[in-house]
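We begin with a single chain expressed as structure tokens, specifically the form predicted on its own.
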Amino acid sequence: MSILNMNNPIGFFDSGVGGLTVLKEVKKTLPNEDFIYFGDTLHVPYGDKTKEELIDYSKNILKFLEKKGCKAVVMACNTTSSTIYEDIKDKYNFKLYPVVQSVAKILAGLDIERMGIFATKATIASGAYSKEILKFNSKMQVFGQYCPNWVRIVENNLSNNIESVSIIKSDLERMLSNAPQKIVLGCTHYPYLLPVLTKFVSKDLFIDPAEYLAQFVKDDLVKSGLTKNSNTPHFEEFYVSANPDKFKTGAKVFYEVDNVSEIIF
């Protein structure tokens, strides 16, 4: 890796608006940094895509962020972190932070014995959360559960729809049958659904990995001497691969996005 410029931006990518939950947390811990966000709305959801498809999509996005001069890129997507991180981690000229691998040690250190994971089909199939957590805590029991409709509900602003609430409640009840002491929202879209989930159980039951990831990114950039020290004004740029207006509308629950540019590879 060549010498990185501390005053260059931090990039983020996800299949849609979900990764904004991560951007929001990173911005809290690193308020002076510049950020570039890419939502691959043309291919949302990622959870039902093949590994080969995800590598292809990510390759284009990461090349774009590399051209934009990013010093680091946050894989603000549990699906890509779970399935393709090992395949792409050494191929780019910036630091790369995957959600799952970055937070696993912290999750493993929690004083609990039973942990639930809500995630996409690809993340659950990969077993990534279980594998990474068990590296640090072999005694923890991890219960993974695929939620097939949740990303669609978030991307289409349907969380208050009666049918959606019923689906979310049913998925939650199935998870609760495992008696988890904590439930990880293992897809960056899922924190958007906390207002619905907390109608039925306490918010304290849930963990948003974005909070742990943000601290991990900050600690690593500080240790590497890569935090911004320039007095230039802070900036944010947002890009999508399709439907910029829909992205802006969907983002409002978590983040106010003013200008979104559409990029076609």
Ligand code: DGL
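Note that residue numbering begins at 1 and tracks the sequence as displayed. All values reported here derive from a predicted model rather than from experimental measurement.
In what follows, reference is made to the form predicted in complex with the ligand, a form of this protein that is not presented.
- The closest non-hydrogen atom of Val73 lies beyond 4.5 Å of the ligand in the predicted complex.
- Val151 belongs to the set of residues with a heavy atom inside 4.5 Å of the ligand in the predicted complex.
- Using a 4.5 angstroms limit between non-hydrogen atoms, Tyr46 touches the ligand in the predicted complex.
- Although the partner is absent here, Thr83 is not a contact residue: none of its heavy atoms lies within 4.5 angstroms of the ligand in the predicted complex.
- Proximity to the ligand in the predicted complex, taken as heavy atoms within 4.5 Å, picks out 74 to 82 from the listed stretches 137 to 145, 74 to 82, 87 to 95, 171 to 179.
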